[in-house]
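For reference, the chain that follows is the form predicted on its own, supplied as structure tokens.
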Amino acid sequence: MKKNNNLIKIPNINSSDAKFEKLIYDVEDSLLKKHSYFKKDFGHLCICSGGTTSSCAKNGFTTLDLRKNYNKINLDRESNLVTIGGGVIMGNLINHLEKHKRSFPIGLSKLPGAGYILTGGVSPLSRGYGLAIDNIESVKGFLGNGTFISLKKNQLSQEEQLIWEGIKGAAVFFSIITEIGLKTIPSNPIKIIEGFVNPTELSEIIKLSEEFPENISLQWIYAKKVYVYVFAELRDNFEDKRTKECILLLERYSSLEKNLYKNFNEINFFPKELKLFEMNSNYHSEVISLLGEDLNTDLQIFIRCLNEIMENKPNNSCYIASQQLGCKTKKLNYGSSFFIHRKSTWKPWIYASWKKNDLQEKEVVMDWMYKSWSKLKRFYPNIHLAQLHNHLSSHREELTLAFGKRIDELKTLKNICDPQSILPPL
């Protein structure tokens, strides 16, 4: 992006380097109602709510940056519902809630904005509290046709029901959300068991984790080496018997360390020792997120496949990581959102990165990403559409694997709510 001292820094390097057509920074409701100027042939709008996605700014496109004017946070102390603007960063949200001993199931990074919530929202806390979309109580915003919407979970008309469900998982295709009402959760201590392990140990820990209770989850990353995080929420400041038993099973791995944190906000995932490249300004990247069920008897085959993928990765900036779902994510709001893969236990993602402006390396890296995806489909056949890839050849397949039988309903919503395709295309 062009340098401007008035702009908040865009953390995604692809987006920050984009030569956009126009950046609209002072976004207000009155502007969103008057969408006639969007009819120019510059293509659809890009929306920036946190700036971590490569879709928030693209060459030749116009970006609406919500982060300046839609950044309010208000917690109702009686109901413990929090209202946030569409440009609120997740780190700012939990900073605000921490003052009141409340929290929210954000992801592994504190940098994303409301897009994290609206695309599903997978957190280490999701097994106990559901996905981020499961905690939405109300939304306000504008459809692509300029119509203002104000929806509340328990006050929906028949006409509003499909829009409500579509917003939870597919909002970006037909709406611009400027305000979200969310349930909050108690801020409890967190015990983290973390460290480097070898692939065989990863296999053993994954097997253990598929029996974890809902307050414990596993996150892992395979970069140069494998790093694991076992995340245990100590509810009511108490380490119950089942939690102790699970943590005790991990003591056989001498490389793992236990750390106790006062709350989620104190944790920084993925230490500097991993030397990851997300914030390296010399690299561009693409990320594809998958979904699948328990590995069970496929576990050893999966580890062999994973090793093979990592042996063939084109550079050290590429990696594969995974988060654990299950428990509440399998039970809450089934059928009432466009996150349809409720049977999922695992959300792995493939991170493909290359030196920017090196088109030859980019081609090699993207080939590795697609080949890796093809190999992992056996275990993880579905997609979590946390990133938009309408600029890639895989976009249509990703849409089908993300929304399944609901893709036709999404197309209907698109046709009615965004008939001029002002927002990202299907």
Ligand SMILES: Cc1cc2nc3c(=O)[nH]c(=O)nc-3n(C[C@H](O)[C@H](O)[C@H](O)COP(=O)(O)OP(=O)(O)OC[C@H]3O[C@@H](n4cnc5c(N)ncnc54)[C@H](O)[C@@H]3O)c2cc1C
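As the structure is a computational prediction, the values presented were derived from the model and not from experiment. Start at 1 and count along the sequence shown; that's the residue number.
Same protein, other form: the form predicted in complex with the ligand, not shown, and the subject of what follows.
Which of S203, N188, S109, N92 has a heavy atom within 4.5 Å of the ligand in the predicted bound form? Contact check passes for S109.
Of I216, V226, L118, L325, which residue is found within 4.5 angstroms of the ligand in the predicted bound form when only non-hydrogen atoms are counted? Exactly one listed residue reaches within 4.5 Å, namely L118.
The ligand isn't shown here, but in the predicted bound form, which of 24-32, 397-405, 365-373, 384-392 has heavy atoms within 4.5 Å of it? Checking each option against the 4.5 Å cut-off leaves 384-392.
Residue contact check: S337 to the ligand in the predicted bound form, 4.5 Å heavy atom: So S337 does not count as contacting the ligand.
Hey, in the predicted bound form, does V172 get a heavy atom within 4.5 angstroms of the ligand? Yes, V172 lies within 4.5 Å of the ligand in the predicted bound form.
Hey, in the predicted bound form, does R127 get a heavy atom within 4.5 angstroms of the ligand? Looking in the predicted bound form, residue contacts with the ligand do not include R127, since no heavy atom lies within 4.5 Å.
Even though the ligand is not shown here, does K347 get within 4.5 Å of it in the predicted bound form, heavy atoms only? Yes, K347 is a contact residue.
Residues within stretch 48-86 having a non-hydrogen atom within 4.5 Å of the ligand in the predicted bound form: Residues within 4.5 Å: C48, S49, G50, G51, T52, T53, S55, C56, L66, G86.
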